[in-house]
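The form predicted alone is given below as one chain in structure tokens.
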């Protein structure tokens, strides 16, 4: 917490978008604690079945990977992140799952994913989509790599009561529900279910703050 509190809003946004070095590792640990309930909710809503192939965009330090794999038998997890620090840390933490062939971690961007068409049954992310300047491109890639009837589930911030780092000048792009619906349709999805979620989050000083986000669910 002390590390995150010491950062400026611009630095917070930068480390949340692309965690780097020792500071990035500390911020990732803070995120695990503050987003624990939200992460568990999204994992549960994925509806992962036996043999499912699951892609997470922006996996951070990879602490939720065992929870995803534990949802059903023979689940294969793939992670994509453009932070070398996070790829290294997630691979280290999940070394046993990697060695068993259950998980793999890849360095790359959502705008150009290194995966074949129709590779995944589920694609999800938490706290990533609000960093996309133009979400249509990444969402089109999500649509491309999803199998028929596959599901995409994304959790992101919304404009209401946004934290101090969630500003356009810091690279955070907050959209309303109409804008998200338009982006999903432009990306090739027939539609998206948009739910508002309320959650408590610890601020930089440790005090509890009520935040609002979107849970975006779309089917290929």
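Residue numbers count along the first chain shown, from 1. Everything numeric here is computed off the predicted structure, so don't read it as measured data.
Although not depicted, the form predicted together with a small molecule is the subject of the following passage.
- Under a 4.5 angstroms non-hydrogen atom cutoff, the small molecule in the predicted complex has residue 126 among its neighbouring residues.
- Looking at residue 31, you'd find a heavy atom of it within 4.5 angstroms of the small molecule in the predicted complex.
- Contact annotation for residue 158: none of its heavy atoms lies within 4.5 Å of the small molecule in the predicted complex.
- For residue 211, no non-hydrogen atom is located within 4.5 Å of the small molecule in the predicted complex, even though that partner is not displayed.
- Judged by heavy atoms within 4.5 Å of the small molecule in the predicted complex, the contact stretch among the candidates 172-180, 31-39, 190-198, 66-74 is 31-39.
- For a residue to qualify, one of its non-hydrogen atoms must sit within 4.5 Å of the small molecule in the predicted complex; all three of 56, 82 and 86 qualify.
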